[in-house]
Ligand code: AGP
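The chain below stands alone and is given as structure tokens, in the form predicted alone.
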């Protein structure tokens, strides 16, 4: 089996074991955050891990009502800035745990007394050893260059940690998401393969969403870029209206995420706007009522929690990129110019 597909297929079990595997650390870290009077959360990561950090921003702002930000690593590693991380939790995300720039941000944060945590797939990595608290993706070795199961694991950890700190009982919700992911892998794969065949000749396009699913628009575009060499760009719907919309023509490929929840109408509004100017968006949704509203609709399973819908959408995006790559005659395990671990400073 191709490595990328094998690792996608492991995602349901990763999601089912991740809470138990991190239960003690999640409890200790959430207590430490509350006891320390922390008011800010800073995320450090690159690529896929950066997208998981953006999801974390939404979770911590919505449920913990904390200010959040993304670390500007080069300010530390290139310009030598000594930023103050007082009253902050600094979370470094890296599948390998060898992200040198995230490590430097973590060291700088510890120097000024911040609470630090890592999210990695390697408990013996430099990042895990440096952090005050080390959270484990519990995903097992990941060999495909395109990160899949480690990304959904990072999302799950962000979800669990934000809810644990807020005091909300999340028990069982992640298991429902795991079931939805298993359903999309087993029952939707043929449909996603057919969809990929339909789009195999595309040269560029956009992926749009808003709110909690915005990070998945970014991740979807990245997966297509690295496996298929197609120029895709992810946008928040609100940003897309401020300029990029001018690029849309009738044959421009657009993908819109519109899942049930508070931001669904923004996705629907974007799709309607695209249709009004002659475009034919692909609308990906868990809302059965949208099935016949657009020419191109991909239904995905409803996991019952809008804040875990990104996990389901991530699996769809991974499978779509995988099948799109194969339809174009490529090998998703061997993207040109890339390697599994990328170290930047």
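Residue numbers count along the first chain shown, from 1. All values derive from a computational prediction rather than experimental measurement.
Below: the form predicted in complex with the ligand, not depicted.
Screening 249-257, 205-213, 104-112, 87-95 for residues having heavy atoms within 4.5 Å of the ligand in the predicted complex returns a single hit, 87-95. Within 4.5 Å of some heavy atom of the ligand in the predicted complex lies at least one heavy atom of residue 145. Although the partner is absent from this view, residue 192 stays clear of the ligand in the predicted complex, with no non-hydrogen atom inside 4.5 angstroms. Not displayed here, the ligand is approached by residue 49 to within 4.5 Å at the level of heavy atoms in the predicted complex. The shortest heavy atom separation between residue 158 and the ligand in the predicted complex exceeds 4.5 Å. Taking a 4.5 Å heavy atom cutoff to the ligand in the predicted complex, the contact residue among 117, 228, 274, 222 is 222. Checked against the ligand in the predicted complex, the candidates 99, 177, 153, 217 yield a single residue with a heavy atom inside 4.5 Å, and that residue is 99.
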